[in-house]
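Single chain ahead, written as structure tokens, the form predicted alone.
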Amino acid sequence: MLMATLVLTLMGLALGILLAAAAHFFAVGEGNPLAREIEDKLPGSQCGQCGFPGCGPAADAIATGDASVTCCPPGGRALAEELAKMLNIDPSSLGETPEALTAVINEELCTGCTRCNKACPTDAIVGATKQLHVVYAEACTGCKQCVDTCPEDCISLVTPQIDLTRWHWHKPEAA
């Protein structure tokens, strides 16, 4: 009994050392640390509005300069200015940012099929089967996935009302 315990302990120790050595020698690189910082600031909803399949590839493209800091519509102007500050880009040179959109459900046409809330990547649509559905605007990224899956065509995308996080005072032009 003692010998079996000793053998299993030594085997476990040897395999643990072997796995630690393999993890050290075959480690995959961390990647671009700037891209990881940018990815942490992006919304993380993987909506694809920027033209990339998710926030990770978008962050890599922004870090390498292949994409503009204004490419993320859900992030809006505030995110673009924060990324510009991080990358030492003049915020006044950003130009227009893409307009963020929010889904709105027409209550009269909604039958409660629940296809829209199953398709929503951010769980912004709340409702139950054969019940009215509502969009939680703060969570909606405007990815259009709910619009594509709705069989009643009762969902539309609109520009949300301007609040303090979306408001931007345009710089006056010199006379």
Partner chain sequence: MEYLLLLISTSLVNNIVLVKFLGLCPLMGVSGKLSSAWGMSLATAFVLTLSAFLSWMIEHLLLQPLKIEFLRILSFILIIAAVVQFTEISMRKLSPALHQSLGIFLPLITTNCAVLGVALLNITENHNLPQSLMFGLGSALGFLIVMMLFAGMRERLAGANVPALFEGTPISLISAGSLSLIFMGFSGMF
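Residue numbers count along the first chain shown, from 1. What you see is a predicted model, and the numbers here were worked out from it, not measured in a lab. In this text, rigid core is short for the largest set of C-alphas that superpose within 1.5 Å between two forms.
The following text describes the form predicted together with its partner chain, which does not appear among the structures shown.
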Find out whether any non-hydrogen atom of Pro151 is located within 4.5 angstroms of its partner chain in the model of the complex, and reply yes or no.
-> no
Does Met11 reach its partner chain in the model of the complex if we count a contact as any heavy atom within 4.5 Å?
-> yes
Would you check, heavy atoms only and a 4.5 Å threshold, whether Val28 touches its partner chain in the model of the complex?
-> yes
Hey, in the model of the complex, is Ile162 touching its partner chain, heavy atoms inside 4.5 Å?
-> no
Kindly confirm or deny that Val7, Leu15 and Ala22 each have some heavy atom within 4.5 angstroms of its partner chain in the model of the complex.
-> yes
Comparing between this form and the one not shown on the rigid core, is the C-alpha shift at Gly12 2 Å or larger?
-> yes
